[in-house]
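As structure tokens, one chain now follows by itself in the form predicted on its own.
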């Protein structure tokens, strides 16, 4: 049984958008496991719609790398190899270090206050299911000042592909403590206006997360 919250989308002009967002959220948060079969007719019944918007939503998810089509099985939740995870993090380290470098000179007291709120929330939150979202909110609150919407869209897509693995790694290892300390260091140099150091720490933060996640995945998959 698919772990999805059914929605009646018959009256909606954007049924495909609603189905897409519901499936994306379930995949990113790990409610739909890698390899899980996504049957169009079953999803259409859950959302009380036809298969047409479901088919469109699945195509968009495939473009984002969240699902794949397998011979004889149809659409399934995509799994990532360790090599793919490593490449995604290498890409994130490149783009996110540059976007924070661009953002730092433009950070306002409002940007910093929002980042501080997310920083404190990440440090105090005990519910692992919320860590992924708070982590994103912290980084995005700093990146927003760069005014690079396309960069943020690409970052979001990259995070979507690895977020379910990150959540598991943070929950089952000591990664959350390291992440909190690294977030504080990034915030401090951003607040101090040091763009180059913010870029360096952001790059190191992402690559450190990559190493921890790859070790976790290797151990879990053995």
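Residue numbers count along the first chain shown, from 1. What we label the rigid core is the largest C-alpha set whose atoms superpose within 1.5 Å from one form to the other. Not measured: the values here are computed from a predicted model.
This protein has a second form, the form predicted in complex with the DNA, left out of what is shown; the following refers to that one.
Contact check for residue 73: a non-hydrogen atom falls within 4.5 Å of the DNA in the model of the complex. The closest heavy atom approach of residue 196 to the DNA in the model of the complex falls outside 4.5 Å. At least one heavy atom of residue 40 is located within 4.5 Å of the DNA in the model of the complex. At least one heavy atom of residue 69 is located within 4.5 Å of the DNA in the model of the complex. Look at 48 to 56, 27 to 35, 157 to 165, 185 to 193: in the model of the complex, residues with non-hydrogen atoms within 4.5 angstroms of the DNA sit in 48 to 56. Proximity to the DNA in the model of the complex, defined as a heavy atom within 4.5 Å, singles out one entry of 213, 22, 15, 206, which is 15. Taking a 4.5 Å heavy atom cutoff to the DNA in the model of the complex, none of the residues in 183 to 222 make contact. A movement of the C-alpha atom of residue 73 reaching 2 angstroms or beyond is seen between this form and the one not shown when the two forms are aligned on their rigid core.
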